[in-house]
Ligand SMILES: Cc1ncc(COP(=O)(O)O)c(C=O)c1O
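Form predicted alone, single chain, as structure tokens, below.
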Amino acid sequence: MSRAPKSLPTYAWEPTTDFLAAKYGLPREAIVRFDVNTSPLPPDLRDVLAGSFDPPLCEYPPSDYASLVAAAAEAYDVAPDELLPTAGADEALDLIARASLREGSVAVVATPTYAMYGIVSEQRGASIVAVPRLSADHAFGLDIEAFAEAAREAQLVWLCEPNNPTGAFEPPERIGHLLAVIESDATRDGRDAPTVAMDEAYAEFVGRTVLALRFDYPRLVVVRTLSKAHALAGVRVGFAVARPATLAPILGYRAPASVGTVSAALGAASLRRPELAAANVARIAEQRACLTKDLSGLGWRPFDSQTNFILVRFSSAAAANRAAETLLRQGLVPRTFGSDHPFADCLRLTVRSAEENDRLIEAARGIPA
């Protein structure tokens, strides 16, 4: 007797720009994506695209990605054998889950956070232990004691700093303390410490990283991406960074040539020109401050953010939904949350250009918070 295939959890992608333009009867160019946490402008890497590629595009990229790895090793101050290039950060997350989890395993996540951690864990047959974050009054910080206790039963621990969707970050010393507690508990219990995956997609916006903690906690894997500060979301380049022994089993699950030749060349060029990402971060930080001030002036309630987006709380989920629909009818696309989400009464807004942000503020006038 055959068994029906198990339905796997999947990530729900946002509606396309063309779909939204058709739905709301607007020209495509009127749609502004405040929902996807991307940068408003790409970096100027036209010289890379205008040149020839080695190897040529009719061949597969080199299996060692030597040029990309060398550029990342210098940028992140790590050894080349501590780097695994991936097709965006999401492939790194999937590979970590594949290497760490089996049917019946346990993964721990601090919620609310990026939904993909739970999805890739459940796809491996793991159980998810969700540890609620502290309240807004405590900057949505980690409940260190509760999180460490949950990690005692886990094979994989997911962390995100700065966190999506709150925009807040945990001081590195608190992360170091958490890892020390997890390590101590494992030693006392006579078991292996769990792999800890730290998603640092927005690390450049706070100018700090926990990479140095990999020497104190060897099972730490840090995930980086060129999608945010480097403004290369469409290129799909990320990295898993860890001690070689920790990286080895993850490497075994990567498909050959998952990062294309063009993506690798653009990624290496961007990493070698850190001034481009630095200028992008500075522009976004300036616009984030202006957008936060202007939203507050309208009576909206934005939380402090250290990223390229702002979380805004409304009086109720219904008020958030009405605000979202009003914005959508004007071609401005906010990130909404489902009715069962802890942030059902919130919208997340990407920080975009001054002109686009001004358009958002004009549209927000008169929308009750």
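It should be emphasised that the depicted structure is a prediction, and the values quoted were computed from it without experimental measurement. Sequential numbering from 1, following the sequence displayed.
What comes next is about the form predicted in complex with the ligand, which does not appear here.
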Of the candidate stretches 94-102, 289-297, 110-118, 180-188, the one with residues having heavy atoms within 4.5 Å of the ligand in the predicted bound form is 110-118
I need to confirm a contact call. Of R214, R236, R133, R254, which residue comes within 4.5 Å of the ligand in the predicted bound form, counting heavy atoms only? R236
Could you tell me which one of L247, A231, A126, C160 places a heavy atom within 4.5 Å of the ligand in the predicted bound form? C160
If we define contact as a non-hydrogen atom of the residue within 4.5 angstroms of the partner, is A89 a contact of the ligand in the predicted bound form? yes
Heavy atoms within 4.5 Å of the ligand in the predicted bound form: does A201 have any? yes
Partner proximity in the predicted bound form: S227 to the ligand, non-hydrogen atom cutoff 4.5 Å: yes
Contact between N164 and the ligand in the predicted bound form at 4.5 Å, heavy atoms? yes
